[in-house]
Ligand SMILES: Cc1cc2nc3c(=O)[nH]c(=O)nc-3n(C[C@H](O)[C@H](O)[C@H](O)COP(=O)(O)OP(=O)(O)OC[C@H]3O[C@@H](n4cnc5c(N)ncnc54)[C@H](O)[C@@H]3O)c2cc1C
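Let's start with one chain on its own, the form predicted on its own, as structure tokens.
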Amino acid sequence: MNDFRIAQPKTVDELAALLTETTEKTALLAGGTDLVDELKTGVATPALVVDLQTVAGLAGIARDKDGLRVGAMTRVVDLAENADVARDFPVLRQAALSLATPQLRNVGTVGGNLCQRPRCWYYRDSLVPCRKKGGYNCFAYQGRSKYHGIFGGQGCFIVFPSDLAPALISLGARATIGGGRADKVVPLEEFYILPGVDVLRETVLENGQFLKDVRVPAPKPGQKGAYVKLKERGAWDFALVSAAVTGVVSGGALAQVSIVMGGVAPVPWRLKAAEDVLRGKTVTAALIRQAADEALKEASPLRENGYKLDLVRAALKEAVLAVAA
């Protein structure tokens, strides 16, 4: 582990000023469950670590007429146990409860989960100069690719590991970005960027910016949701494939539907082709198979991860049937 300094700003304004003025390589510390591992292995080598736990106003869940505001420093356990989330956004509660272990949910934060770095074993090895760390090659392309992406690789085949991101995107959530002269609000779906845009980062956050909160719109009449996570182990694990489905059920059909997959791409992956097949029709097993077939036309599995095609079909079927029930 390299030496670094720690800063502990007390307010959002202090945080924004610090990030704007510093010229040092900086890392933001939320719950620490991801960053501490990167620091220990030497993958992350910041000169300055900014502790967000001391910043007032970044945690908490508040309800208003427009929906929910979830602060970036809200603990995952608080999200999972919130009554409004349980009643109105079951897909989000299911995703939060699927995340890690009770101990980690007590420490990990919403913002940390949404902004975590990839779990790729080449990226996590400090001795491997992969593209994600400024090298020239994605070693997974011709190497060990069991846990890597089948969509959107563009020269780097990581998968984005967040459980909360697919659920929140399926709900139409928006992200508030702090820093600079004024806050900026973007659809959470647009918060993430593919390797073809910038292989060195996963989000639109630039130097001096930070995730401030996430806004979840109020549920529509008849809205339902489900989150399905398929793992290699029965105990805690990252998703091999996950599916977040939010839909409005009307007359036995999905009048509206949003499908976002995890574990399959460098960003939470929207299955728009599957949505088009399902929208407005009465859900049947045959229709779901058709939807999956259409969506998987975009897939490009690597040598060791073709099994994820079947997992996409399984996760999609279970989640859609749960919503349509």
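Throughout, we count residues from 1 along the sequence that is shown. All values derive from a computational prediction rather than experimental measurement.
Heads up, the form predicted in complex with the ligand isn't pictured, but that's what we're talking about next.
- For the options R93, R215, R117, K224, the one in contact with the ligand in the predicted complex, meaning a heavy atom within 4.5 Å, is R117.
- Between the ligand and the residues A274, V267, A30, V70, the one pair within 4.5 Å by heavy atoms in the predicted complex involves A30.
- Contact check at 4.5 Å (heavy atoms) against the ligand in the predicted complex: all three of L52, G108 and S162 pass.
- Of the candidate stretches 93-101, 79-87, 180-188, 244-252, only 93-101 has residues with heavy atoms within 4.5 Å of the ligand in the predicted complex.
- The closest heavy atom approach of A173 to the ligand in the predicted complex falls outside 4.5 Å.
- Proximity of D237 to the ligand in the predicted complex falls within the 4.5 Å heavy atom cutoff.
- The ligand is not drawn, but in the predicted complex it has a heavy atom within 4.5 Å of L211.
- Taking non-hydrogen atoms only, D34 approaches the ligand to within 4.5 angstroms in the predicted complex.
- Residues are counted as partner-facing when one of their heavy atoms sits within 4.5 Å of the ligand in the predicted complex; in 215-231 only K229 qualifies.
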